[in-house]
Every structure is written in C-alpha cells, then in structure tokens.
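The chain that follows stands alone, in the form predicted on its own, written as structure tokens.
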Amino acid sequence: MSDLIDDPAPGQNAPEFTVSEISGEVKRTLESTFGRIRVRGEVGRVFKARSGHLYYDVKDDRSVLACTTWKGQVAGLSVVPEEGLEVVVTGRLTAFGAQSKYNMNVEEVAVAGQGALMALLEKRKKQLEAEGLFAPERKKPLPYLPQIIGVVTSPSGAVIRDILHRLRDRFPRKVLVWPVAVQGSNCAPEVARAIEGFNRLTPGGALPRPDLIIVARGGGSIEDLWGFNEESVARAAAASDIPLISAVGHETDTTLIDFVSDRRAPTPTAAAELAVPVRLDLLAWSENQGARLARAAGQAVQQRRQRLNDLSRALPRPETLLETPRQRLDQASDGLPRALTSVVQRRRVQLSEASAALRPSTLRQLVEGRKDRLRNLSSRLTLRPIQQDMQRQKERIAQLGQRLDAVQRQRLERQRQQLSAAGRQLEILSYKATLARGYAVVRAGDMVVTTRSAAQQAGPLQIEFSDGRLDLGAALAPAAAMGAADPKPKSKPRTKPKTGLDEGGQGSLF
C-alpha cells in the first residue's frame, strides 16, 4: 500500500525548467538550427526608434516575421526597407524571451527582383514629383561659360578621362573632381555629401566654388545605378544652388537624379558638351559679328552721305539767296541823296519858322534867366569833394608808381642777369680764347684766308694774334714765291683745327 503511494504519477519523471531556462534553450535551438538564413517577403510595418534601431515586418499571405536591424547595422544596408517593398533579407533567427517571441536580426536587405526595384522607383518618383522637385520653374539655367566645373564621379574610371578630354577639345576650363563611389552602399551618401560640399565652398576662396556641377557615371544595370535613385541624392541635387548636370548611365538609363537636376545629359561626354561651348566656333561667331558690325556701320554712313547729298541738291544756291537783298540795297542807295535833300529842306523850313518867333528882348530875358540859374548853381558848388577825389587819385598814383618802380627794378635785374649770362656764354664761345692758346686769324681785307692758294692770290695780309694785329703788306710775296718754287716741303704742314667760327667776322685759326 505504501509502495503505491510513494511511486510518482505517470510522467512525473520529466525534468523541470524555469521560464528563463526554457527561453534560453529555445533561443539556442533557433540560433544553432537556422544560423544565417535568407528570407523573402513583403515589407510591412516599418518603425525607426529614437535610438536608431530599425524595426519592421516581413510577411507573406499567411505569416509575419518580425525583423530588427540595430543602429550600427543600418548604415551598411544597401536598401532601406520601405512598406510594400518585396525584399530578400539576410540574417540570423533569435528569440526574445521576455515576450516569448522570436524575430530575425537582419544584416542585409536586397530587393527581390527588378520588378520590385522599378515599383520602388516609381513610388519615390511620385512622391518627389508631388513635392514639386521635378517642376520646370525650379530648374536653373546653365552658365554660358563657367570658369570652374565641379565633377562628382570616380577618379579611377573612364568617365573623368572622357569629360576632361572633351573639355580640352571644346574650351579648356578648370575642373575640381570630388571622388565618390559610383555603386554599392557608399554611393548615395558620398554623392549627396559631394553635392552639398561643393555648395558650401566660398566663391573666390582658396578652394573656389564651382560655377557648374556634373554628376557622372558610366552605364550599368539598375542595381549598379541604384545609388543615384536614393532619395538623399535626389534631394541634395534639388537643393543645390549651383546648376547641376546629371550624366548617369547611357542614354536609355534613367535615375531619379535625372528628374531633379537642372539638365540631363545622355552620356558623360555629352555633359561636357553641354557645359562649355566650342572655342573655335565662338571665335568664328565673334569675327562674323565684328564683320557684320563693320558692314552695317559702313552702310549707315553711306546712307547718311547719300541722304545729305539729296538734301543739299534741294537747297538754293548762295547767289540766289543774296539777289533780293542786293536789289533792296541798290534801291536804298539810289533814294538816299533825294532823301537827304528832302530832310535838309524840311529842317531848314522848321528852323525858319522857329527863328521868326525870336526877338532880341526874348533872347535877353532867356539869357538873364540862364544867368540867374547859373549863379544859384555856382553858389552851391564847393571844391572839397573835388580836392578829396584828387587826393585819393594822387595816393593811388603814388602806390602804382611804387609798384611800377619795383617791377621795373626786378625786370632790369633779370635782364642784367640774362645779359651777364649771355656775356659769359659769348666769352666761352668766342674765338679770342682760342687765340690765347697760340692760334691766329689771317685776313686779306675783309676776307678770311683759310688756304695757301688763297693767301698767294690775295693782296696784303693781316694776322690777328691774341695781343693785337700785324699787317704784313707785300713782305709775304718772296716767301710765297719761295714756297711756290719748293712744292715739296720737308716738314709736314700742321693740320688746321676745326672750329665753330662762322664766316661773318670771326676768321680762321692756324
């Protein structure tokens, strides 16, 4: 009886677990059984906590899987989960024992198929378009000839070489390259930072702000170009104060940055062509405009000249304008003698009429009246104002005389100095100083003798030394004859010096 009571009930030999132990066991079982897995589904509810962690659901038509991406893992996601997006998530299953729930820690999110990417792209496109980022009135005109061009692209690809080569061929400009990743998870944040960085530069600073930005990348699949479809890149391009050209992919490729940029280029080479004009074409256009301007100016001058000639033919000749005044002058000159005779006769008659009324008594009364008026006026006259005026005039004349004397003395002193300077200059230039050095002047009457033949032919000679003149008379004749008999002198004659003495009275030196 006691044995029956002591035996445990059936099933009572199973081990007992605490709640925490069973939760930990379930967590270890899940993590060891599944490990790293990939799950495909549609993104449901998405919630980003203040801490930076991302919570969302991945579901299908029957079940929902809770997913978590921690703050440190969010930056590494190539695609940020959005509600309604079909994705493939990669991570590890784990359990959250506090609420008896399991979830998936997602380390990577990829769009499930190109159709899902296109659906996401259309969704973003409609959202940005609704905000007005695609409106034509927001787009800024491109500068005609930018001084500095900023290029956002990979520095190691062929894109930057194509852009630089095309700019060098068309119109060389300064280029600032901001290196970025053009695909992968780092593409979108780096491109957005590059656009914002160019806009933060100071115009004219050490690193000058560009006048135009080109965002360029070569062709590729939609996955390769997905970084340029990110919302952050589109908003950075729309907020740029610098005009922006997008040149992402080939002509058939379209990304969100193409819609928000100020101008889209089908290729990076075409973006360089949009950025600058052709230098040779610009020079040719300038020369053509200059030629047109010169022709237009010449034609305008010719038209004005022709119009002036036409108007001058309609004007009367000067002789015609003077004919009528000349006739009036002739008529007036012919009538002048008669008019003078008539006036004199009329004045003579008037004088006779006036003199007939005059009598000697009337004249005496008139003279007496004038005498009385004269006496009255003379009694009121005095010499004081006249004397005062004469005194003022004398003082003024005295002052003027003093000033005139001073001016005359200054003028005489100035002329005396000029005369002294001229005398000193004359003494310097005079031939007298040359005579003092042992030279002499030979004259024959008023003529200066400068050669031997002239001395032989001349009459009496006169030699001027520094201390006076000597008349030779005919005493030079034997010497001249002797000189003629000996045409070959033993000693070489002295070379005659060149002087500045003119022919008018200064003479020749020897």
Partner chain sequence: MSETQTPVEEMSFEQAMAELERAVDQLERGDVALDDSIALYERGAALKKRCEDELKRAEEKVAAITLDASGTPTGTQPLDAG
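A quick note: this is a predicted structure, and the numbers were derived from the prediction, not measured. By rigid core we mean the largest C-alpha set that fits within 1.5 Å across both forms. Numbering follows the first chain given and starts at 1.
Same protein, other form: the form predicted together with the partner chain, not shown, and the subject of what follows.
- Using a 4.5 angstroms heavy atom cutoff to the partner chain in the predicted bound form, none of 39, 236 and 239 count as contacting.
- Taking the partner from the other structure, the partner chain in the predicted bound form has a heavy atom within 4.5 Å of a heavy atom of residue 160.
- Contact check for residue 72: no non-hydrogen atom falls within 4.5 Å of the partner chain in the predicted bound form.
- At the 4.5 Å threshold, heavy atoms of residue 123 stay clear of the partner chain in the predicted bound form, well away from it.
- Within this chain, residue 179 lines the site of the partner chain in the predicted bound form, having a heavy atom no more than 4.5 Å away.
- Contact with the partner chain in the predicted bound form, defined as a heavy atom within 4.5 Å, holds for exactly one of 415, 382, 289, 345, namely 289.
- When you look in the predicted bound form, the only residue of 439, 226, 198, 431 with a non-hydrogen atom within 4.5 Å of the partner chain is 198.
- With the partner chain left out of view, the stretch that reaches within 4.5 Å of it through heavy atoms in the predicted bound form is, among 315-323, 396-404, 337-345, 297-305, 297-305.
- Along 377-396, not one residue places a heavy atom within 4.5 Å of the partner chain in the predicted bound form.
- Core-superposed comparison between this form and the one not shown: the C-alpha position of residue 138 differs by less than 2 Å.
- Once both forms are fitted on their core, a CA shift of 2 Å or more is seen for residue 279 between this form and the one not shown.
- Once you line up the core between this form and the one not shown, the Cα of residue 306 ends up 2 Å or more from where it was.
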